[in-house]
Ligand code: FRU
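One chain comes next, on its own, written out as structure tokens in the form predicted alone.
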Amino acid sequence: MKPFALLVLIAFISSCSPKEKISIEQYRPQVHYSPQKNWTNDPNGLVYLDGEYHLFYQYNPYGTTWGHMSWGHAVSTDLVNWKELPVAIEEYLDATTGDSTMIFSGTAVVDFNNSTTLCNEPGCLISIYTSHLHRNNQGLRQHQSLAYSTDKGRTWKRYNKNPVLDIDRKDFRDPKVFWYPEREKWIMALVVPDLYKVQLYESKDLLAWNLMSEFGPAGDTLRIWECPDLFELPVEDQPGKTKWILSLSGSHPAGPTFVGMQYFVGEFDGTTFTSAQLQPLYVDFGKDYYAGIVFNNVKDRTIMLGWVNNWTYANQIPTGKWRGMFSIPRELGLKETNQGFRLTQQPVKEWETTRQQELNSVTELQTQTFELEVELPEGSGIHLFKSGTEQTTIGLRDGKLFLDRTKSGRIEFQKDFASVEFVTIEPKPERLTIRILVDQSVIEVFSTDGLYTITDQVFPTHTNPGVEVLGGAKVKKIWNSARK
């Protein structure tokens, strides 16, 4: 290196503020999955096959903001430790027209019976995704296409007669496909976003699809609908009783400035989903849980994974060479309460392996990756990442569980980022026990009964855990979760 260049480099490093230095890798989670570089958003193609959980996801191979959508790929044997693999399905160009097709959200299934006849033997992976045709950055059309893999998702071949479903619309996307054994057929749920409709299709071979029914508009229609999923859950403590859940992404419980997830509880007869639910129910009350879908081909439990970010500020978060991560995989349940049927969510049991060391006091914490079990009496709370006037506060006030990130360090990058999230606990409790999982720049809060969750990103300007209890709150258990 030339001396002049070296002096310039030294001057540049010296001029960086502490916030700029700390943002490069400080915010990367240690136990949540994020790609090593570039942009990511919706989880896609969640499926289990031969000992591996597959996470495909929306990915830009060329930059840290949204664009050039392709499917990234990671695998795990335990839902905790993920291995990043090469891009699975890439955006491609039409050599004749010059039009580009991006690979939007979709599903992966295990075709055990080789119903497509595209593979030489049963058990190959089939992906059904939205093919987004565009020209000069202008969206022209969305339809559903198919690709298949005979090597456990490492390489893919696009079906030569794509698309497999096209209704000639600009917005028509996000297919979620699953096997329905009662009638031995495949079911596809997808959305007509601007009409607030979920359409249900059926197929015997994953290639030819017939419309069965529609659901919506219903519930929250303040933003377009995206990323539907349809799955059955047993009702807790009611043996033999089940309900069907239709989940989708759209507006946030705080209003249309932000995105969030809602769900409907109802019945599915193999053709039509029905629900008597009048009010929207929400999956998570934080600002950073979106596009969640459940894994296919997992027996005896239902596991959802979501994108940790929000479209309001997703392209601006100060994370350096990467943007976007994924939540803790959550096991879903269903409970009948005095207010009706409600989803329950808990971190999958495998997540307990992230507990590296149980501690006796919060003063022993040395990193910003840790787990707490906290008892909150009414009017109490706990600070995280406390340093001077900087803090993130979680507490119970007036029967509401809240997370306040208005003083959480870096909040200046987007005008709407600083916010207070809350959810009303019913019936109003005198005290509430919660589980808080902290991982550098993400906080996931679960009530111990699983009925309430809050997921938020925060960007401290320091590296201290900064835990401080307020007003009678009691830290019952403490684990260091940082990787050694």
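All of these numbers come straight from a predicted model, not from anything done at the bench. Position 1 is the first residue in the sequence shown; the rest follow in order.
Keep in mind that the form predicted together with the named molecule is not shown, yet the notes after this line are about it.
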Thinking of 375, 435 and 479 as one candidate spot, does the named molecule come within 4.5 Å of a heavy atom in every one of them in the model of the complex? no
Heavy atoms within 4.5 Å of the named molecule in the model of the complex: does residue 261 have any? no
Wondering, does residue 174 line up within 4.5 Å of the named molecule in the model of the complex on heavy atoms? yes
In the model of the complex, residue 445 touching the named molecule (heavy atom, 4.5 Å): no
Answer yes if any heavy atom of residue 111 is within 4.5 Å of a heavy atom of the named molecule in the model of the complex; otherwise answer no. no
Select from the listed residues 326, 290, 370, 385 the one whose heavy atoms reach within 4.5 Å of the named molecule in the model of the complex. 290
Pick from 311, 244, 148, 180: which has a non-hydrogen atom within 4.5 Å of the named molecule in the model of the complex? 311
Tell me which of 435-443, 413-421, 36-44, 449-457 has residues with heavy atoms within 4.5 angstroms of the named molecule in the model of the complex? 36-44
Stretch 101-118 - residues with a heavy atom within 4.5 Å of the named molecule in the model of the complex: 104, 105
